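Read the single chain below, which is given as C-alpha cells and is the form predicted on its own.
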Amino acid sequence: MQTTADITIIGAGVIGLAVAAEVANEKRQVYVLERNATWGQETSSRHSGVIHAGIYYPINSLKARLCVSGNRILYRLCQQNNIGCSKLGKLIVATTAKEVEELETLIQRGNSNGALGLEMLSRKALKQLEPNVEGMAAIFSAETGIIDSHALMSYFAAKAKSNQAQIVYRTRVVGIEKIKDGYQVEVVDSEGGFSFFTRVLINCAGLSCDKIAGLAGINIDDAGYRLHYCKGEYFSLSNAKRGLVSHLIFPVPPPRVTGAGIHVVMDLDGRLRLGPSIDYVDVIDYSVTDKHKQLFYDATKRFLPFIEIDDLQPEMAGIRPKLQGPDESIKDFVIKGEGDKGLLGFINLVGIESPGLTAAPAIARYVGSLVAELL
C-alpha cells in the first residue's frame, strides 16, 4: 500500500465491494481494507439470497427507497453480466383472519414504496399457484427472486479492480485520527502495524461498523449507532420435498418482529431451506444444531402441511447487524457523511442488514453521490 489514498473503504462484503466498484476510477487511489482472508466472509455470505421487492419497510425510508431501486438495478446487472438469478416470485401467506387484515396493510405499504407486481390472491388463487401450500389468502410479489450472491460479489470485486481499486486482505483497522484534509488510519496486518493518510474514509464494516464509528471518535450510544447482533439459523429440507413448491413462501410477520419470519428459500438449483430464525446474541457464533428444529417445524407447518419434522436438518447461520434491539420498531439504514460531527470526509454505513443485498447497487450509487460532494 502507498502512504496516501483518495478513498479508503473499510469492509469487503457486498456493500463495500459495491461501493468500491462505484467510486473507483483511474484518477483515484482507492483501497478496500478487509480483515478476513477474502471478501464476503461474514453477513454477505450467510443469508437467504433473496432479491426483495420493497414491501415491508416504512414508507420513504432508505430501506424502502434503496430496496426498490436496487431490485431493478440487480436484475439488469444479472442479465448483462451473466450473474445467476431467478425471478421466482414470492407468496406472503395468511393463515388466520387477523393475518388477512395484515396483508392489506402490507400491500398498501408495498405499493406506496413503489414495489412492482403486487397482487392480492384469494384462497382459490393461492391454491392454483401452490396446491401444496395452505392459507386463507396471500400477496403475490412477482418481482421477488433469488440471486447467486457469490457471483454478484465477484462481479463487484472485478469491476472495482478493473477501475484500479486495491483490495487488501487480512488487514484490521485499529485507529482513526481526523487530521487536516482527511484521516490518518492505523492498521494491523500479518507483518505488523502501519498507518496511512486517506482523504475520504467510508465505513462499510458490517458487523463491526459501530466499532469503526467509535474509533473515529463518535459516541455510538449518543448517535444511535450501537449494533445488536441477531442470529438467524437455517434448516435444509429433505430432497424428497423438492418440487412441492415453485415460489418463495413467506409467512405474515407478526407485529414488531425484526424480520420477515421463517420462510421457504429456494436455491438456484431448486433445493429448499427454511429460515432465518431470530435470536439476539451477545457473541458471534455460527454453530447450528437440532436444538431449534421444533421451532422451525412449528413456524412453517401451518402453511406448509407437507413438512414433517424429520425433513429438517440444521444447515447454517448468519448474524445480522441490527440497529433495533428485541421488541423495538424497525430502524432505518444509516448512510451519511459525518460532517455535522466534525468528521468531514467520513461516511458511515451502519445497520446495513436486510434488504442490504438487494439494495447494494443502489446504496453504492447513494454513497457515490456523497463522495462526489467531497472530491
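Computed from a predicted model, the values in this text were never measured in an experiment. The first residue of the shown sequence is 1; numbering continues from there.
One more form of this protein exists, namely the form predicted in complex with a small molecule; it is left out here, but the text below deals with it.
Picking from 133 to 141, 218 to 226, 167 to 175, 92 to 100 the stretch near the small molecule in the predicted bound form, with a 4.5 Å limit on heavy atoms, gives 167 to 175.
In the predicted bound form, none of the heavy atoms of P361 sits within 4.5 Å of a heavy atom of the small molecule. Interface membership of G337, defined by any non-hydrogen atom within 4.5 Å of the small molecule in the predicted bound form, is ruled out. When contacts are judged by a 4.5 Å heavy atom cut-off, A24 does not count as touching the small molecule in the predicted bound form. At the 4.5 Å threshold, heavy atoms of H47 reach the small molecule in the predicted bound form.
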